[in-house]
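Before any questions on how it binds or moves, here is one chain, the form predicted alone, in structure tokens.
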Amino acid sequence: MNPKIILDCDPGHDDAVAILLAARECEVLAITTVSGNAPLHLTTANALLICQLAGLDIPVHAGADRPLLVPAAHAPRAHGATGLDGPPRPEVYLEAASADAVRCIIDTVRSHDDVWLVPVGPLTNIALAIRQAPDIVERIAGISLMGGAVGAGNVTPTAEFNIWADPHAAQIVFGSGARVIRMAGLNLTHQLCVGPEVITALRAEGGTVPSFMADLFDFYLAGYRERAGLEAAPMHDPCAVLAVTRPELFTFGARQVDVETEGGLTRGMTVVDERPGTDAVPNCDVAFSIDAAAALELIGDTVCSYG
């Protein structure tokens, strides 16, 4: 039986892949959107656009348009002004089911057993839902998130964007007491990369969705090539979906993870306790490795299945 999930996202090129993958691998009860890679009105439109192109009948609920305490920040260098720069943008005719993602999360968890929350953007919606309805923590199957890092960040030397963008929300989520929290951080996601050969294969496949994704990947890869000299672009967000649907592809380690919220040099840092023999109580299954070849094949097959 496919796992039941709520996909909380801020599309975002890799979020688009996560949506397509989740729709094939899971029972997606809802997609909720949050301010992150782009402002909320754009991340919501982008989620609707991907559903429209792929013919997905999944309700999209708009969520938080700003973090809990810090100013909103976005990632146009990585994703462009729209969040999905690259291909020609068709008109979006689908509409959001609501503008209350937090209520959607609470009501969906209360009405379904063993729902996974899969946030792949800043954790604002998830934190608000937990704060407003603490009972949902005991009902969910777990939280599988893309965020953080064991090691270097990407928006600062110590912090990954999703956690840095709303560190107070992240602190609430990691401290929620959920029975399972799985973290796909940068140390893991940079092992799963899309290069020119994938783009070539998608163009050869043809069809609306593979061609659209090939154009997305072209833009996304060009940015990584320019900024970091990389010849392949990491697929961050699909890792959080795969950690639920294909956990056998990963190696995890139980760790205590906390979030620095205020440090001038360390805001948004995921502090992962790696001390040998520590008596720290683990609260998170941190992903350390992935079978990248198998995961990349699955992603390619998934995108092409929409051809």
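Quick caveat, the model's predicted, so the values are computed rather than measured. So that there is no doubt, residue numbering starts at 1 and follows the sequence shown.
Separately, the form predicted together with alpha-D-ribofuranose (RIB) exists; it is not shown, and the next lines address it.
Trainee: Would you please decide whether residue 237 lies within 4.5 angstroms of alpha-D-ribofuranose (RIB) in the predicted complex, comparing each non-hydrogen atom pair?
Mentor: Residue-level check for residue 237: yes, a contact with alpha-D-ribofuranose (RIB).
Trainee: If you check in the predicted complex, is residue 127 within 4.5 Å of alpha-D-ribofuranose (RIB), heavy atoms only?
Mentor: No, no contact at 4.5 Å.
Trainee: Check residue 192 for me: does it contact alpha-D-ribofuranose (RIB) in the predicted complex (non-hydrogen atoms, 4.5 angstroms)?
Mentor: No.
Trainee: Just to confirm, residue 162 within 4.5 Å of alpha-D-ribofuranose (RIB) in the predicted complex by heavy atoms?
Mentor: Yes, residue 162 sits close enough to alpha-D-ribofuranose (RIB) in the predicted complex that at least one of its heavy atoms falls within 4.5 Å.
Trainee: Can you confirm whether 15, 154 and 186, the three residues that make up this candidate site, all sit within 4.5 Å of alpha-D-ribofuranose (RIB) in the predicted complex, judged by heavy atoms?
Mentor: All three within 4.5 Å in the predicted complex.
Trainee: Select, from the options 192-200, 167-175, 229-237, 94-102, the stretch whose residues sit within 4.5 angstroms of alpha-D-ribofuranose (RIB) in the predicted complex by heavy atom distance.
Mentor: Flagged stretch: 229-237.
Trainee: Only one of 37, 32, 46, 270 comes within 4.5 Å of alpha-D-ribofuranose (RIB) in the predicted complex by heavy atoms, so just point that one out.
Mentor: Of 37, 32, 46, 270, the residue with a heavy atom within 4.5 Å of alpha-D-ribofuranose (RIB) in the predicted complex is 37.
Trainee: Output the sequence-ordered list of residues from 105-124 with at least one heavy atom within 4.5 Å of alpha-D-ribofuranose (RIB) in the predicted complex.
Mentor: Going through 105-124 in order - heavy atoms within 4.5 Å of alpha-D-ribofuranose (RIB) in the predicted complex - there is one hit, 120.
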